[in-house]
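There is one chain below, alone, in structure tokens, taken in the form predicted alone.
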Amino acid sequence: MSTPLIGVSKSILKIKELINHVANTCLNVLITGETGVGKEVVAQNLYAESARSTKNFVKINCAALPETLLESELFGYEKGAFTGAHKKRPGKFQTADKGVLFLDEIGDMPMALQSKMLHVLQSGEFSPLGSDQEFKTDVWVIAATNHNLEESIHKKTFREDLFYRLNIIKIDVPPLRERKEDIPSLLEYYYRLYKSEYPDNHGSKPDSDIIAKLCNYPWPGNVRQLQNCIKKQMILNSWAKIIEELPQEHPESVPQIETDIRMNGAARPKINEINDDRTSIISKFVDLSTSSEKLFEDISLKKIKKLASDRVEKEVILFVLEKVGWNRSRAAKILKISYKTLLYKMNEFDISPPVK
């Protein structure tokens, strides 16, 4: 049974709608987002809503294994293919046949293996290690990454052709700090879940004051960090202690939210006005809540220029599309770009017409 996608924010509702649209298309999906936002939950929900839900959901973490072991895990091997291969073993592409193969952390896959992955995605055929025989597989590939693959392509650490093969449907999962109205729903769901998992403990629901404090925290570890806090509270039974022990590296950089929240998930956040100073400008492109060492790694003029350019492009494209009633041909002419380029930009920036 898959974990439901919890939330009432516009971004989560949009993801749920997209899942319903693409679940039975079996088009390759690329899920992006920071560590801990719930990329695997999105993959599980795609699988659960598809006609493949009666078959296997097979996951492999591309960052957790060295290249040779990852290759044998993906494609399998014959007896004697390498030292220690005492018997034939099927790979993930075989065990996921007619089902879903979830490639977590695809951005960490070694370059040499990416070419073999591209071949399988193009032809549906692969050879186990130590075999000359090709096998046919019918697998729905869903990939996830916390990397910016466009930057990885520029750095020559990720193949551009593989990116476009995977990125047919893109689902970007925003960090929890950008969808704080989802926190009450998440608290409610995981409180009930862990209460049944830890029946001998006496964790309590947070009251409205505690919820407000939790909503005003930046959650650098996203939903996973929130889950761990709820588990910890089940043992300690002290929300005050949990909040006191939350890392507070850069709390001043996080917009505070005034809340009227109850545990049923109803939330009406109001983000206080932020002064248009240097900090607020930089915070639009850099996560200021991270550690100083990581923060300075992220402050790159080239990177921020690209982020700013993308942001402006997206707003201009949206403005023109809305003005012409989402007539893409007319919008392309106004923007002085080709129709194909407009479609590419709309996919890159996750731009889609409003649901009627």
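All of these numbers come straight from a predicted model, not from anything done at the bench. The first residue of the shown sequence is 1; numbering continues from there.
Another form exists, predicted together with a small molecule; not displayed. Remarks below refer to it.
- No residue of the trio 166, 172 and 348 has any heavy atom within 4.5 Å of the small molecule in the predicted bound form.
- With the partner left out here, the small molecule still marks one of 155-163, 185-193, 129-137, 81-89 in the predicted bound form; by a 4.5 Å heavy atom cut-off that stretch is 185-193.
- Taking a 4.5 Å heavy atom cutoff to the small molecule in the predicted bound form, the contact residue among 317, 58, 41, 65 is 41.
- Looking at residue 223, you'd find a heavy atom of it within 4.5 angstroms of the small molecule in the predicted bound form.
- In the predicted bound form, the small molecule lies within 4.5 Å of some heavy atom of residue 37.
- Contact between residue 216 and the small molecule in the predicted bound form is not found at the 4.5 Å heavy atom cutoff.
- Not displayed here, the small molecule is approached by residue 4 to within 4.5 Å at the level of heavy atoms in the predicted bound form.
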